[in-house]
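Here's a solo chain for you in structure tokens, the form predicted alone.
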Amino acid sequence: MEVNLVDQDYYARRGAPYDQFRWLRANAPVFWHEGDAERGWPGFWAVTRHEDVVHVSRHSDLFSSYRRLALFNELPDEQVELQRLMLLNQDPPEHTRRRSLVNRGFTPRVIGRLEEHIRDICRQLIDEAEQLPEVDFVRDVAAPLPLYVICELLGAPVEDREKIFEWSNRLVGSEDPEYAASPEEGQAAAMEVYAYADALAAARKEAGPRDDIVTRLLRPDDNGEVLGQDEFDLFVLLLIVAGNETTRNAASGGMLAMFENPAQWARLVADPSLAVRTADEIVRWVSPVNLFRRTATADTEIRGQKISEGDKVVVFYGSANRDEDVFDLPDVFDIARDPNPHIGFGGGGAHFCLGNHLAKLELKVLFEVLAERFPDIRQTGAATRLRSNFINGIKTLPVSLRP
């Protein structure tokens, strides 16, 4: 089989290459994938089975996020050093120290307090969408929800959600001509986010503390540790992208899965208590983050395949979440799936998603409200997909809320 797991045009046309993933899991689960000299990235080891993705994720000492960062594309050396200040691109013990500083804003108790507010946001969004002559589920429901929540977490004006949305599109859509004409525009968006974070920090210091994550991040912890300004800026960037993209694309992909599997939507409408399991199944099925990159720190092996120090290793969550050795009927969308050991929030270890409780809560509440208010929601046009091998994203999904 011809294998190309990173062809952005394929993702835009058809979504993740599940046929290739299936073949690789069966025949070459640790596969040497040729690079592309014209695009400036080297060959890499593609890791496609659940057990192996978990192994790589839980051994940061062997598979580093710090050496050449965690994203697939290669960056110039002068950009690498700044990006190493981002939590995403760090290894323990530095990662452990900095994660402990930001974790204060994402504990289950803190996130649990947001449930009713998230429910109010969902109802408001649906009320507003109901008044529109045409409804795009992405634009009018799935995208605004996490943006409202991010503004709440940052203590930012709700009016800022539009520019946060635009920044996020430019940052993750640099390969999609609809969102960014060049990687330089993505870099410009990052600089705008840094300036925005600086302004948030300055305003909080001037006006005094508030009950939001900005205040918690700027305050020293029990050991007197505090985030530096660059660290704070990069965390705000990470929150804007990860906090927006995961929920937005999981919700959009989940709604599309419901349209493609109407019996599952009928189950949820009949039994809203399935919403918790539904959220997990949506994350497994969609795998909003398709891949992350690591760099081998020493000669090692994965499933008997020799990996050399310095080799690029890429884990594919979209493949691991369809692994036949782990999931019964993995290509079936089942909102009552139990157990569901998906790794849509990462394979464990140091980089398990900090916002997983928040993302699952947003999905749970959104689909509860949708099932209650609009049991007859239907798709009215074709979905369009993001041109990206990093984010399994949907750009548009036309719907009708009523028959």
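On a predicted model such as this, the values are computed, not experimentally measured, just so you know. Quick note: we count residues from 1 along the sequence shown, nothing fancier.
Form predicted in complex with protoporphyrin IX containing FE: not shown, discussed below.
In plain terms, the part of the chain that comes close to protoporphyrin IX containing FE in the predicted complex, with a heavy atom within 4.5 Å, is 240-248 out of 129-137, 198-206, 240-248, 323-331. Shown alone here, V289 lies within 4.5 Å of protoporphyrin IX containing FE in the predicted complex, counting heavy atoms only. The shortest heavy atom separation between A336 and protoporphyrin IX containing FE in the predicted complex exceeds 4.5 Å.
Interface membership of F106, defined by any non-hydrogen atom within 4.5 Å of protoporphyrin IX containing FE in the predicted complex, is confirmed.
Taking the partner from elsewhere, C353 is found to have a heavy atom lying within 4.5 Å of protoporphyrin IX containing FE in the predicted complex. Residue-level contacts in the predicted complex: of V236, M258, V283, A142, one residue has a heavy atom within 4.5 Å of protoporphyrin IX containing FE, and it is V283. Checked against protoporphyrin IX containing FE in the predicted complex, the candidates Y66, F44, F345, F374 yield a single residue with a heavy atom inside 4.5 Å, and that residue is F345.
Looking at protoporphyrin IX containing FE in the predicted complex, residues R161, V214 and K364 place no heavy atom within 4.5 Å of it. Residues H95, R99, F106 are the ones in 95-132 with at least one heavy atom within 4.5 Å of protoporphyrin IX containing FE in the predicted complex, listed in sequence order.
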